[in-house]
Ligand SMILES: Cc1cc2nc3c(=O)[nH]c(=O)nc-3n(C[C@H](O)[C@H](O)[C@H](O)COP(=O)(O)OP(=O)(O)OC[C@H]3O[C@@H](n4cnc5c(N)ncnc54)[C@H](O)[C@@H]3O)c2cc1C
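Given next, in structure tokens, is a single chain: the form predicted alone.
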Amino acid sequence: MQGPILILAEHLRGDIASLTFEMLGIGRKLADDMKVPLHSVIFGKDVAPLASQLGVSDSVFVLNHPQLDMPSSEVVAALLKTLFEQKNVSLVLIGGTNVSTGIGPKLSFRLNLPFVNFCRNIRVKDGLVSFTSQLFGGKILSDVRLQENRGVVSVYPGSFPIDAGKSDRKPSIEMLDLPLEETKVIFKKYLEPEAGDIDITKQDVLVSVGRGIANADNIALVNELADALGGALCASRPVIDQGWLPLSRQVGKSGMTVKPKLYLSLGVSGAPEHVEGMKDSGLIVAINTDPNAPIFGISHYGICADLFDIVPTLIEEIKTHKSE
């Protein structure tokens, strides 16, 4: 008999991470299809107030402890193993982020169960769960099935809708009292990174520039287009490496993953590393002089032309439309 699904709620500095709601949404659907309970667990220091936000779960387990302020992966894996065995869990979902890195492999080893990393899709058919895992930065997608649907799964951020994991319902909350494993890794201090000028992951409209922008003097033109559309400017890695835009504006595997309603690509060739960060955008429009540019392979609309012939006209038409 299959057991419950357990989600490790990810949080940072007093806020539930968006990925937690992604996992809750897909976890709820998965639990309903499998006809099993959905549980969440949250570890940390003074985290009890956050439990009420996990209402999509049937129940939430909470463990408050001063030593769980940014705990090591070894400590979390040990706690999850204990909970897995106590609650007869079959499947554990954790976040595929820097906050939760290392937990999945360690928990998999302790439980002697498979670990599926970089999970991008989950579906149930005839009682069997299939997980789509991305390999080599998304160049290969592998469908995986776990024996008896038992194992540990790391969910790739941005793979599932956030709203599906939010609910005003108050879940059943159980306070835990579990022993903590000794560790040589101790959290000392959180160093705040330098703030970016804008969060491109929260924008509905993005105008992206690549090598085709030619030089830094042309940034002003595409920025004017972004302003006219009510969006923000972002870029592929070559533009960032030149210092023409800050790192906070980079889209791609080594930058940010974005899913705007409109992604307007200007002079971006569409290398796999860049595509990985924007391919799930609602509407992709590409302008490039190269008819064989890979970006046209994923765009909904494409224009094979010089961006400097198109962008001024676009700006004029948008401004004219707004003034009417």
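Between two forms, the rigid core is defined as the largest C-alpha subset superposing within 1.5 Å. A quick note: this is a predicted structure, and the numbers were derived from the prediction, not measured. The numbering used is simple: start at 1 and walk along the sequence shown.
Beyond the structure shown, there is the form predicted in complex with the ligand, which is absent from this document and is the topic of what follows.
The partner is absent here; in the predicted bound form, the one residue of Arg237, Lys106, Lys166, Lys87 having a heavy atom within 4.5 Å of the ligand is Arg237. The listed set Gln242, Ser172, Ser130, Ser254 contains one residue whose heavy atoms approach the ligand in the predicted bound form to within 4.5 Å, identified as Ser254. With the ligand omitted here, the record of contacts in the predicted bound form names 298-306 of 312-320, 21-29, 8-16, 298-306, defined by a heavy atom within 4.5 Å. Within 4.5 Å of the ligand in the predicted bound form, a heavy atom is found for all three of Gln250, Gly267 and Asp290. Heavy atoms of Leu50 never reach within 4.5 Å of the ligand in the predicted bound form, leaving it off the interface. Among residues of the shown chain, Pro71 is not one whose heavy atoms approach the ligand to within 4.5 Å in the predicted bound form.
Interface membership of Gly95, defined by any non-hydrogen atom within 4.5 Å of the ligand in the predicted bound form, is ruled out. Contact annotation for Ala271: at least one heavy atom lies within 4.5 Å of the ligand in the predicted bound form. For the partner-free chain shown, nothing in 213-234 comes within 4.5 angstroms of the ligand in the predicted bound form, judged by any non-hydrogen atom. Asp241 shows a C-alpha shift of 2 Å or greater between this form and the one not shown [criterion: core-superposed Cα displacement of 2 Å]. The two forms, fitted on the rigid core, differ between this form and the one not shown by 2 Å or more at the CA of His274. With the core superposed, Gly252 shows a C-alpha displacement of at least 2 Å between this form and the one not shown. Inter-residue distance, Phe118 to Phe296 (Cα): reduced by at least 3 Å in the predicted bound form versus the depicted form. Between this form and the other one, the CA-CA gap for Asn121 and Ala271 narrows by 3 Å or more, being smaller in the predicted bound form.
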